[in-house]
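First, one chain by itself: the form predicted alone, in structure tokens.
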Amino acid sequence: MSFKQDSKIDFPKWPIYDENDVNALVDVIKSGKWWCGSPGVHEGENVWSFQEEFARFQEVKDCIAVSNGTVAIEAALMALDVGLGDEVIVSDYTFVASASAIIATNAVPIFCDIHPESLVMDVSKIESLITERTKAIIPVHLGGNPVEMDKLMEIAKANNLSVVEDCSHAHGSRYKGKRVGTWGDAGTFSFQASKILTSGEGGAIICNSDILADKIYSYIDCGRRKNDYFYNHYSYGTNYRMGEFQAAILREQLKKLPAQHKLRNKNAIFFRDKLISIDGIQVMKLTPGTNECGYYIFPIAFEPEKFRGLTKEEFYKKLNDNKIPTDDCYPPLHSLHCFKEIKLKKDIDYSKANWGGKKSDDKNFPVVSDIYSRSVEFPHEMLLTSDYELNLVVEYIRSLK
């Protein structure tokens, strides 16, 4: 079976845009107001309006737009006073930014293995990683799949730890009735080019505390205070502001997101049920209590012995060669050169971390190492197609047995 022989296959291209997106950009250009200004003296209006609109979508009080999702995590940690010598527990199965943002604060990431079915942070392993140096936890909602936030928050409260949810995959995800990003002290989002809400680059931080929101704003806008004199700088900060071009696109893309979100969730059920009918295929299992899932990616794991001994590389290549858009999953953080070889910040003591050198051996992170060795992922735009195309994907995978 080969998709190349089927002219009806036409997976959506991402991003999806229309004349409204184009006109929004043209309007910003013609306005001559290409940056947002300050809370007290607005230049453009798109950043300020997007913050309000995204906060409503995420059902939260405060939103601070920033230049990307990496600095969103950094800014939230800095506002929560994470810094030199502190440890921050984070999932081992995520993009490097979830940990590099910790490094940026001069703190030390501690990697937590994942649950073998949900593929997100295994909350039962968190307590064993807590030390007197632990300051915060970053649960990563991989593929939009929520971490068990109620249980995680109990652990965090009992140990006086801050929680920053990495929601870069999870726009619109809901767990036990609450949007992800609203369980912890703060939630961070990415609007990078491949994300389900995108402006090419961009990010946001949400929270329900005006005090924390003001601290985050001050950090991302050069240490300023809201509505104060522009050249007063009260604390260390930097410039992580979002621009008007990104915000204008995001406002239009946000209008499209609810319908896309609904379709992804509907098609994911169909796709999952078909895939798990194939012996040897494992699909990411939604965490019990999940009401909605962002589905930024749709990861699957396969058992090589049930697919004629195909290696991961061979499995991946066959899918892509047959017009099925397929990506590699994230290599576990413990295996990345920068952590394994400890090529990070100068003069920071990483010796007590649970990675580096021999500590980065896969045997110390058995679940994520196993899953990564035999998994691939499909991009979210595949879930914006029809049952027909999704069923063809399923049947092609079945033909590899």
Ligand SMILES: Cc1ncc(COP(=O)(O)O)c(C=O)c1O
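A quick note: this is a predicted structure, and the numbers were derived from the prediction, not measured. Numbers for residues come from their place in the sequence shown, where the first is 1.
Keep in mind that the form predicted together with the ligand is not shown, yet the notes after this line are about it.
Item checked: Contact of Y330 with the ligand in the model of the complex (heavy atom, 4.5 Å) -> Close contact exists here: in the model of the complex, Y330 approaches the ligand to within 4.5 Å, heavy atoms only.
Notebook entry, point to check: T238 near the ligand in the model of the complex, any heavy atom under 4.5 Å?
Noted result: T238 lies outside the contact set for the ligand.
Notebook entry, point to check: Is Q192 close enough to touch the ligand in the model of the complex, meaning at least one heavy atom pair within 4.5 Å?
Noted result: Because a heavy atom of Q192 falls inside 4.5 Å of the ligand in the model of the complex, the answer is yes.
Margin query: With the partner left out here, check for me: in the model of the complex, does some heavy atom of H171 sit within 4.5 Å of the ligand?
Written below: Outside the cut-off, so no.
Check: Counting only heavy atoms and a 4.5 Å cutoff, which of 245-253, 70-78, 301-309, 214-222 contacts the ligand in the model of the complex?
Finding: That would be 70-78.
Notebook entry, point to check: Quick one: in the model of the complex, does every one of V90, G144 and Y175 get a heavy atom within 4.5 Å of the ligand?
Noted result: Negative, none of the three is within 4.5 Å.
Notebook entry, point to check: Just one of M149, A97, M284, I324 has a heavy atom within 4.5 angstroms of the ligand in the model of the complex, so which one?
Noted result: By the 4.5 Å heavy-atom cutoff, the listed residue in contact is A97.
Next item on the list: Taking 4.5 Å between heavy atoms as the contact cutoff, choose which of G202, P109, G294, G187 touches the ligand in the model of the complex.
Entry: None of the others qualify; the residue that does is G202.
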